[in-house]
Structures are given as structure tokens and as C-alpha cells.
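Encoded as C-alpha cells, the following chain is the form predicted on its own, with no partner shown.
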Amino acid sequence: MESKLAVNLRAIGRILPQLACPHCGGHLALEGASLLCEAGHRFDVAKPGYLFLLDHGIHTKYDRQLFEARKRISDAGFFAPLTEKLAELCATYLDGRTEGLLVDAGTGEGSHLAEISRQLGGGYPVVGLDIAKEGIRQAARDYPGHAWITADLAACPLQDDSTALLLNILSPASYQEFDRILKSDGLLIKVFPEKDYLQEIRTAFALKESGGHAVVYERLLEEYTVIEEATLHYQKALSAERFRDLLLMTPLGWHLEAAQVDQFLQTDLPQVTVGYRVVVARRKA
């Protein structure tokens, strides 16, 4: 049986023409288990087969514990209606295309992208980008056969005009970089939470309502023309263990005291409201 490193190296080799050195922007060549650019910058492929293409150090709150919690939440089907919708949209907008990448900017531990790729039949070259090394490491371990890259979304290690379809799921956007890497007819599919997203957690812990969803949407409209959008709402029941994972995963739970969480988990747990807005958009001329 092939190692995960070998499987992931083959996936990296498939997208080499679209990769760019994070230091100089040059093209990269694969030599054994390393990438080398024309200017001599070298990047080793880490076990179990992911790339670290950052030209600076990182500090992030997104740690191994958070990504493991997100993986368990994903395995419990929490995101299933969302990934099904995204796979449907990707199939529609990639239909007939033979060039360009499917890129997930802010991929986390890769569960969304891996499931979308599976539903697409696995035939389209996909790349998962995230600045959190722990998430990318986990993605390479759990979902071999794709290109997983630790990278800054504000300085994507991809060539200009390389991306046919760009996913940005519950993650900050870097529109200037998105414009650069998208093909002239490329599309952005952005997902952000609706106002009622996880409202039961806000109620249980007396957290303030956030108007951030509206700000994110208005910012998108400044840069892109919407060609399709949909809202997605559903309720999800979770066990106490998965509710704990949800509180670990979402920023809503990051400032809660352990005693608060323990007390909440001993109550009759509510179903959780999940609300998303999914927007397909094209950059403005």
C-alpha cells in the first residue's frame, strides 16, 4: 500500500504548474520530496504530505484540539447539508471546464473540501489552503490525495489566473489575492453565517448578537457581482460530547469558563440552529 506521503506527493505534482514560490513568485519543480523554485528557494514536503509555503512565522489560535473537534463535528454530519449544496454548485459551475484549480481558501482540517471532491467524483484538481499548520497537517493525514498547503490567504502561493473556482467557507476573505489567482471567468463561492447561526449558544450564555454577517455581505458586494445566492437553514441535535466539540470549534465558545460549559452540558441540550448564506459571485470588471 502506498504511503500517505506518496499519495499526496502525486497530488502536489498534479498542480505544480499553478504553484508559486512564496518568496519570489517563481514556478516550483518537484525533486524527490522537495519543491525547488527557479531562484533556488527550497521547500520540503512534510509528513504525512503537506506543504508549508509561508514566508513568515505564524501565530494563530487555531490549534490541534480545535481541528480535532471540528473533524468529529464533521463526522457527525453537522455540515452535511452545506457540503452537499456546495458540491452541487461546484458540479454546476465546473461542468465542462478542463483548466484551473478548485481552491478552498481557509480550508481548516480539510473536511469540507475532501467531501466536496468526493461528491464531484475526485476528478478535479483541488487545493486546500490555510494559515494554521495544525489544520493542514490533519487534512493531509485524514484526506490523502489532495494538495494541502499552509499558506497566507493574503499572499497565496498560486500563480496568477490559476483558479477556476474558489471556495471561501466561514473564513475571512482576501479579495485582492482572490482577484489575482482567479481566472478571468473564474468564480468565488463564499459562505458566511446567517444571523440565527448557533443562536442557542448565544442565548444559553447571554452572548451579544453580532451584526458581522451583514458587514461581510456588504463587503462582498463592493468587490464582486452576485450571480446566484441561497440561504440554508436546518436544526441539528448533538450529544453532550459533540456539543463540547462545537463549543471548542466556534469562536463563540472560546471565552467561556470550563465550569460554564460543564454546567450547560448537564442540562437538556437544545437543537442547534444552523444558518448559512451561500453566494456565487464574479469579480467586477
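When you see a residue number, it is the position in the sequence shown, counting from 1. Since the model is a prediction, treat every value here as computed from it, not as a measurement.
This next part talks about the form predicted in complex with a small molecule, which is not shown.
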(request) Work out which of the listed stretches, 198-206, 162-170, 94-102, 181-189, brings a heavy atom within 4.5 angstroms of the small molecule in the predicted complex. (result) 162-170
(message) If the cut-off is 4.5 angstroms on heavy atoms, which of these, 76, 153, 89, 120, is the one near the small molecule in the predicted complex?
(response) 153
(request) Heavy atom within 4.5 Å of the small molecule in the predicted complex: which of 81, 106, 125, 145 fits that? Just give me the one. (result) 106
(message) My question is simply whether residue 243 lines the interface with the small molecule in the predicted complex - judged by any non-hydrogen atom within 4.5 Å.
(response) no
(message) Test of understanding: in the predicted complex, would residue 67 fall inside 4.5 Å of the small molecule by heavy atoms?
(response) yes
(request) Using the partner position in the predicted complex, report whether residue 137 sits within 4.5 Å of the small molecule, counting heavy atoms only. (result) no
(message) Can you work out whether residue 132 and the small molecule are in contact in the predicted complex, taking contact to mean some heavy atom pair no more than 4.5 Å apart?
(response) yes
